[in-house]
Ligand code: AMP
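This document opens with one chain alone, in structure tokens, the form predicted on its own.
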């Protein structure tokens, strides 16, 4: 149902997607702008209004938790814009064609690879994994109320029209493989992130001799024998390049110049510099005023990547018994521009911290009866948050304030209300405590637990570990703590 709404009704509603006429009061917001290389005060194109475009998923498979860090980051940016008082319009694209395996102009389309692996069609896997992505970000408590989710295949006409404009302006050339953007004719190419000296490596599909410059990039590719998706165009049957979709869709839905564009830092050197070149080449106007990029999520120092084989998904997080918001809390413990190393132990520590915060929130909600009042701490939280999304400092200030005995219970509830709007951790509606006692377990599980205790006494650790796995397969997790065993019902 959620996917049907986002795909079919939102495009219709976008024609009636104006900003509200309500006047708003804004407060200073500072963001680290990759374009300027400095922390800048956010000043929108139109007073009181903001537009935000975020690079979304390529839906040839499930999104790994590294992708989801970028999604939570984009949501954090949106929350900051709203907290600063701006009316917001957002776009997260769904890439269902054009993204090649090598992230450049080499290799096969990822959608074709995914479709062949699952013995189905690109459209079917796009539907399947777009739905799964929307389920994931909903579980991570992203605010979906103001997001439009366009699919690249729904904007082929707009992409072709933009390529025609670039061709008319003399910024393209033709090879045996397709239509390419001539970066030599866009002198500022590579300005974003000081990437002028970075050269896009030529790939297997297009030889170096086929391009005028190795960093030139495909706008339209002629259909090849492995292509499962193709459309008619003025240049022949084929499909669009990867970057052109973002330029065409952001222009169609947000305008020629947008306020903020987010993405992972790996997009800076090629994908986002390509977007700038083709967008500004077509319009003659600045494309994005504030570029924001999140750092990598790593495992043992390596970026999370399918090619490396260190991929974890939100489904795996949940299957291991973690609440999905534990992952969000884990992300927020680090600044978005700081590389973050993932481990199951680190996620467990994050979950412990979040559960403690939820317990405090439940107690305060009950005692305050849901009545909130303001305090200087609430203003401080917002001020910290609006200084380049300093989420670790917000969490630290929140814990400090909740421990202040001089605050009334109503002020503490007001503080949690403010923090929830900024962090999205379900503090106003904290989940019920998932921990249960031994007596609440099924008899068979109680028996296995007692056998496990006995096995550990006998130092038969292999048997104890085997019984722990059996307990988990029965739907429960057991942890040995200093104060005794802790049992958690796993979500299925």
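Bear in mind that the values here come from a model prediction, so they are computed numbers and not experimental data. Numbering follows the first chain given and starts at 1.
Quick note: we don't show the form predicted together with this ligand, though the next part is all about it.
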Completion exercise
Contact with this ligand in the predicted complex, heavy atom within 4.5 Å, among 304, 83, 223, 397 goes to 304
Problem - Proximity to this ligand in the predicted complex, single hit among 410, 123, 380, 266 (heavy atom within 4.5 Å) - result: 266
Handout entry: this ligand in the predicted complex: contacting segment from 184-192, 366-374, 295-303, 225-233, heavy atom within 4.5 Å
Key = 295-303
Handout entry: Non-hydrogen atom contact residue 456 with this ligand in the predicted complex at 4.5 angstroms
Key = no
Practice task
Report whether the minimum heavy atom distance between residue 110 and this ligand in the predicted complex is within 4.5 Å.
Solution key: yes
Problem - Close approach of residue 34 to this ligand in the predicted complex, 4.5 Å, heavy atom - result: no
Practice task
Classify residue 425 as contacting or not contacting this ligand in the predicted complex by the rule of any non-hydrogen atom within 4.5 angstroms, answering yes or no.
Solution key: no
Completion exercise
Applying a 4.5 angstroms cut-off on non-hydrogen atoms, the residues of 356-379 near this ligand in the predicted complex are none
